[in-house]
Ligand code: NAP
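Next up: just one chain, as C-alpha cells, the form predicted on its own.
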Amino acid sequence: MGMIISGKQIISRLKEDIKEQLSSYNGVPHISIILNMEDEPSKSYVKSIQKTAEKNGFNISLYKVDNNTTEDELIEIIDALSTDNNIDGIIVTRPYVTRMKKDIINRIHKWKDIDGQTDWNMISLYKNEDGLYPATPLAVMEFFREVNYKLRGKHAVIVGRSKTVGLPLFFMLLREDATLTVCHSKTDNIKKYTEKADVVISAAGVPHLITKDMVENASFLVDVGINVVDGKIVGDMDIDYEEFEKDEKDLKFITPVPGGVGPVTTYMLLLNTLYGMKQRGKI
C-alpha cells in the first residue's frame, strides 16, 4: 500500500526536541535574515521562517537589502552579525543580491551559518566532519528516519545537482550506504535511471517532471520541488496521491507538496541554530 508521509508528523517530533533543548537555556535564540527585497520568493520564504521561529521561542530580525546594495554594505552587515554574541543564526536569502560573491558568504561565522552555505560547512559535510549542514537535505533525511526506512544497499536517484540540495544529499545518502545516481538537466532519458531506483528524490524545480511510469518500481519518493502553476503550489512529481494510497502491491512512501519537505526545512534551520549555539558554548 502507499503511505503519504506528512511533514506535520515529523514537525511534532522536532518541536519537542526544540522545546527540550530550550528548557536549559535562559535566553531567547536570535536569527538574523538578510533579505533581498527585490525577490518575491525570498519574501515568502522569510515570512514562513518568521512565523515558525516565533512560534517556537526564537527572535527574528530582518536586514533588508536590494540589488543596489554594495558589497561593502553587505560585508559590514555580515561582519557585525558574525561578531555579535547575541546573534545565533544568519541567513542570506537566495538569490543573492547582484554582484554578491561567494567569499562574502564565507564571512558568516561557521557556527551561525544555519543554512550551511559557507565553504567551511560544505567541506565539513563532504569530509563527514562536524558542521552545520544545508537545511533542506537535512529535512529530507528526517522523512527516512520517520518511518525507519533503511537506505543501506538501496539504489537512490537524485534528480537535481544544486549545491543547496542535490549535492549535499548525495553525501548524506552515501553515509547511509546507499548506491547513488545523480541526474540533471543534461541527463539523457532520466526515466532510464528512475525506473530502476528504490528511492527517487526530485529537487529539480520543474513541475510534473517525474511521472508515475518513471517511478513504478520505487519504494520511496521524495518531492523537494516547490513550483507555482496556475496559482497553485505543485511539486516535481506528477503523482495522484489518492491513487498512490490505494496501491496494494507493496509498502511505498511519498512526501507531499505542499506540506512535505518545505515545512520541515524551516525546523531544521531552528535545530541548526541550537546546535551552533552549543558549539559556541551558549547552551
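All residue numbers are counted from 1 along the displayed sequence. All of these numbers come straight from a predicted model, not from anything done at the bench.
Form predicted together with the ligand: not shown, discussed below.
Every member of the trio His184, Ile190 and Ala204 reaches the ligand in the model of the complex with some non-hydrogen atom inside 4.5 Å. Of the residues Asn227, Asn56, Ser219, Ser61, just one reaches the ligand in the model of the complex with a heavy atom at 4.5 Å or closer; this is Asn227. Of the listed positions (Thr211, Ser124, Ser162, Asn86), a single one reaches within 4.5 angstroms of the ligand by any non-hydrogen atom in the model of the complex, namely Ser162.
Using a 4.5 Å cutoff between non-hydrogen atoms, Asn272 does not count as a contact of the ligand in the model of the complex. Contact check for Met268: no non-hydrogen atom falls within 4.5 Å of the ligand in the model of the complex. Taking the partner from the other structure, the ligand in the model of the complex has a heavy atom within 4.5 Å of a heavy atom of Thr136. Contact with the ligand in the model of the complex, judged as any non-hydrogen atom within 4.5 angstroms, is confined among 193-201, 162-170, 146-154, 102-110 to 162-170. Residues from 245-281 that approach the ligand in the model of the complex with a non-hydrogen atom closer than or equal to 4.5 Å are Val261, Gly262, Thr265, in the order they occur in the chain.
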